[in-house]
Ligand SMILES: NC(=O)c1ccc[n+]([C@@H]2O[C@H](COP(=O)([O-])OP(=O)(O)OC[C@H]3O[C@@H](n4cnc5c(N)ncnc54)[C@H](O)[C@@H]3O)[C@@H](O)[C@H]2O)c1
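Below you'll find only one chain, the form predicted on its own, shown as C-alpha cells.
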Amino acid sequence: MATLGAHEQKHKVTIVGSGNWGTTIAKVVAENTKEHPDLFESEVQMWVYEEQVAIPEASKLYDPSSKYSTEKQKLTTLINHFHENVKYLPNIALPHNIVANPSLQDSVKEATILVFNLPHQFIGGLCDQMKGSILPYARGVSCIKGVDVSSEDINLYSESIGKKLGIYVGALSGANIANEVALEKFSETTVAYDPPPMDSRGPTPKEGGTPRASELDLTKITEHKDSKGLTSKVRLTAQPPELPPLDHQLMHTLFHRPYFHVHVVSDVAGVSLSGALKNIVAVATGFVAGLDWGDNAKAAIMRVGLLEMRKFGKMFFENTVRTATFTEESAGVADLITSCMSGRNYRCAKMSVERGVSIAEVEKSELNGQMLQGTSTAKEVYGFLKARGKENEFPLLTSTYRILQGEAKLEDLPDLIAKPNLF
C-alpha cells in the first residue's frame, strides 16, 4: 500500500509577472514549495519582462568594483545574481529557489500551477503568447484585482484567462499591501478556488444500480460551471492522478505563511467583484475625507459601499456568489477598509478635493503614469447598470460616477445615498 500523502509527481509552480506584488507572491510561494517537497518541485519560475536596470548607488548591493553595479544589467541577471528584485521590490531578500526567466514560453512550459500577477491590460496579449506552451491540465490562480466590465457583460479576469488558455483559474485577493507582506508583517488573504469535477479523485455513484456497477469516472468529464452557474464553454483536461490533488488544502499549503494567513473559499465571483467594487467606494471615501468631514462620514460611506457590493454580487452572480464573502473575508470587508484608509484611489480622491482640481490631474502628477482603477471601474459599472435600468438601485456607485463627471455635487453626497429600503 502506498504511503499516505506520497505521489509519483509533484506540482511545479510558475509566477507570471514580477512587479511589486508579483515578486512578493513569488517569495511566499517559493518559501512554501521548499518547505513541502512531497507536494511541490522546489524551483519556482518567475516570468520577468526584461529590461536594462542600473543598481542605485544608495542600494546596499552597490559595489563600485563590480560590473553588476557600474554597468546596466538585464533585470533577470540581477534578480538571479543578487536574489533581489532591485527595481520592483528593493531591499527584500528572495528565496534562492526563485528563478527569473525572460522567456514567457519557457517559464510556463512545465508548470502545473500558474499564478498570474500583472497589470490587467496585458492579460490578453500574454495569454496569446502562452498558447501551445502550457500543459493542457495546468490550473491557475489570478492575483489580478478587478473585473472586466462593459455595458454588455461582466467577466472575471480569472475566467478571461481561463477562456484564452483552456484551463481553470481561481483568484487570490485580500487586504494585501505588497510591501507589508514582503516585510512579513501579518496580514490575511482569500483564495477562491472551486475545484473542477474532473480533478476529483473519488468516483461518484450514478443514480440507480449498485455503486460498484455504476461508478461515474469524474476524470472523463470535461464540463464545469462558470461564475454565473452556467456550463462553461471551456472544456478542461483532468489533472493526472500521479499529481497531488489540487484542492482547497493544497491551495492553503501553497500560499499560507505564518505572516500571511490564507482562507480558501469556492466563491470566485465574490472575491473578484470585491476587488473591483471596493475601488469605487475608496474614491467616494477619499472625497469626503478631502472635505474634512471626519471619520464618521468615512465609516458611513464604507457601510453603504459594502452593502452595495454585496447587493451587486447577488443581483448579477446569484447562482454562485456567497454574500458572506463580502462581510467575512479579507477579500471583502478587510480589503475595503484598507483601500478606504490608505489606498491610492482614496489618496488621489482626497487630494483632488483638497487641491480643487480634477482627480485626473492628481493621477497624472502622483502616479508616474499608472492609472487609477476606481475611476475607470466607476465608469464601466455605471454603464453596465444604466444599460439594465438599475443605476438608481446603487446610489453610492452611481453618485460617485456622477461626481467624477461633474454631474452631481460632492457636498450633496449624503442626500444622494439616502435611499431607504434598497438592501
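Everything numeric here is computed off the predicted structure, so don't read it as measured data. Residue indices: 1-based, along the sequence shown. Heads up, when I say rigid core I mean the largest set of C-alphas that superpose within 1.5 Å between the two forms.
If you look for the form predicted in complex with this ligand, you will not find it shown, but the lines that follow are about it.
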Have a look at Thr325, Thr112, Thr76, Asn117 for me and say which one sits with a heavy atom within 4.5 Å of this ligand in the predicted complex.
Asn117
If we test each of Leu307, Leu291, Ile167, Ile177 for a heavy atom within 4.5 Å of this ligand in the predicted complex, the one that passes is Ile177
Is Lys145 close enough to touch this ligand in the predicted complex, meaning at least one heavy atom pair within 4.5 Å?
yes
Decide whether Tyr88 counts as a contact residue for this ligand in the predicted complex under a heavy atom distance cut-off of 4.5 Å.
yes
State yes or no: in the predicted complex, is some non-hydrogen atom of Trp47 no more than 4.5 angstroms from a non-hydrogen atom of this ligand?
yes
Wondering, does Thr33 line up within 4.5 Å of this ligand in the predicted complex on heavy atoms?
no
Heavy atoms within 4.5 Å of this ligand in the predicted complex: which of the stretches 37-45, 64-72, 391-399, 367-375 has them?
367-375
Kindly confirm or deny that Ser160, Phe384 and Glu407 each have some heavy atom within 4.5 angstroms of this ligand in the predicted complex.
no
Are there residues in 10-29 with a heavy atom within 4.5 Å of this ligand in the predicted complex, and which are they, in order?
Ser18, Gly19, Asn20, Trp21, Gly22
Just checking, between the shown form and the other one and with the core aligned, does Asn279 shift 2 Å or more at the CA?
yes
With the core lined up, does the C-alpha of Thr375 move 2 Å or more between the shown form and the other one?
yes
When the rigid core is used for the superposition, does Glu363 move between the shown form and the other one (threshold: C-alpha shift of 2 Å or more)?
yes
